[in-house]
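In structure tokens, one chain follows: the form predicted alone.
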Amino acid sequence: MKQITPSVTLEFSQKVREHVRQGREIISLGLGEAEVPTPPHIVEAGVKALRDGLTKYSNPQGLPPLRECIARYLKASHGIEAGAEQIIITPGAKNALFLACAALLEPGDEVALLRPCYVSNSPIVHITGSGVKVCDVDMTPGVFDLDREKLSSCLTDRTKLLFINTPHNPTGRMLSDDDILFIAEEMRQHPRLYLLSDEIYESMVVGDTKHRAPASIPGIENRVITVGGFSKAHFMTGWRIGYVHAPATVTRAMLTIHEHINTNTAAFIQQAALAALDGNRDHIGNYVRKLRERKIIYDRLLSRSPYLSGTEYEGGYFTFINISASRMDCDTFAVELLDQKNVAIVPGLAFGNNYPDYCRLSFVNQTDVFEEGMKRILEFMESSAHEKKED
């Protein structure tokens, strides 16, 4: 447990809430929680389920209609030959990541973890895999493409699990078709290797790169675990509902753990998720359009700045901005930005030890607020860079 630390993103969010309680108006460009509410038809489905009495224990694996709907969605949208019996409904996508690691990892196994990565990935591995070795695979500096050579050198006969996340948190980059095919070939070379594919942002694509689900590739589909959920595309962060699709043997192992840890996911929340997936989904396209508007602002403002740079924004909710011109480490930068400019972002060290020159920038605030936050960041960068030069 010594290797497990509190979530930096949640800690920083708590600091922001404290500032708000003190009466300060904070522009939050930190957490990945959209500024829009859960769509009304989803809320009404959850309320109706409560009124209909769906408050008791339910099928541990998940309500069959929801699992069947997810199976159809995975097939139609991503070409995954999914069966409802291979799907488990979980209390959030993070819980699905946990179940996959708990089901697969044993002492002596190795895990390949692309860095930077979601803040909970490494803690989840250490919680579930005592005696498991983690091999960090840094993505290429600056642009944060997949470094294929580093990945190949990391994989051994002991590597049991490779984590990927596309669209990517925290950089906003996406794995290309060629990247996914390269990973598939590596899996063919390492027959005990499983791929844990976190696709929670798969609906939030703003660039030209198309999302490619690894489980759709013939020959590796029986070793791919796909994690998805409803928090991002359907604005249901607090509802805590996700899902995992896996090969039948892995699904059975995960289900056993799930039954002892969670018992089941709340049935009324599952009914709301069913309404999200099987009902009107215009809210997804509407929000992607807003993200594209913010991408235009982001690109325009960065192009004008001699001090601030950032990753190409292709999808998801975030980018990684390079704050090295400030001559501050990311923790100091984030604290000073919050104190002086009332803008909250997340320090890059939350996502890996090699990113003191980066902070994560969130695109999920109203467009005019996002633009104002970006302008304040640029002002702070300029003043900091000038002060350092004078020193």
Ligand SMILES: Cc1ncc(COP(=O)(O)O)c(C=O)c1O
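This structure is a prediction, so every number in the text was calculated from the model and none was measured. The numbering used is simple: start at 1 and walk along the sequence shown.
From this point on, the text means the form predicted in complex with this ligand, which you will not see here.
Partner proximity in the predicted complex, defined as non-hydrogen atoms within 4.5 angstroms of this ligand, places exactly one of 206-214, 67-75, 180-188, 230-238 at the interface: 230-238. The contact with this ligand in the predicted complex, taken as any heavy atom within 4.5 Å, belongs to Asn165 out of Thr265, Thr319, Asn165, Thr226. Taking a 4.5 Å heavy atom cutoff to this ligand in the predicted complex, the contact residue among Leu196, Ala273, Ala93, Met174 is Ala93.
When contacts are judged by a 4.5 Å heavy atom cut-off, Tyr118 counts as touching this ligand in the predicted complex.
Contact annotation for Ile200: at least one heavy atom lies within 4.5 Å of this ligand in the predicted complex.
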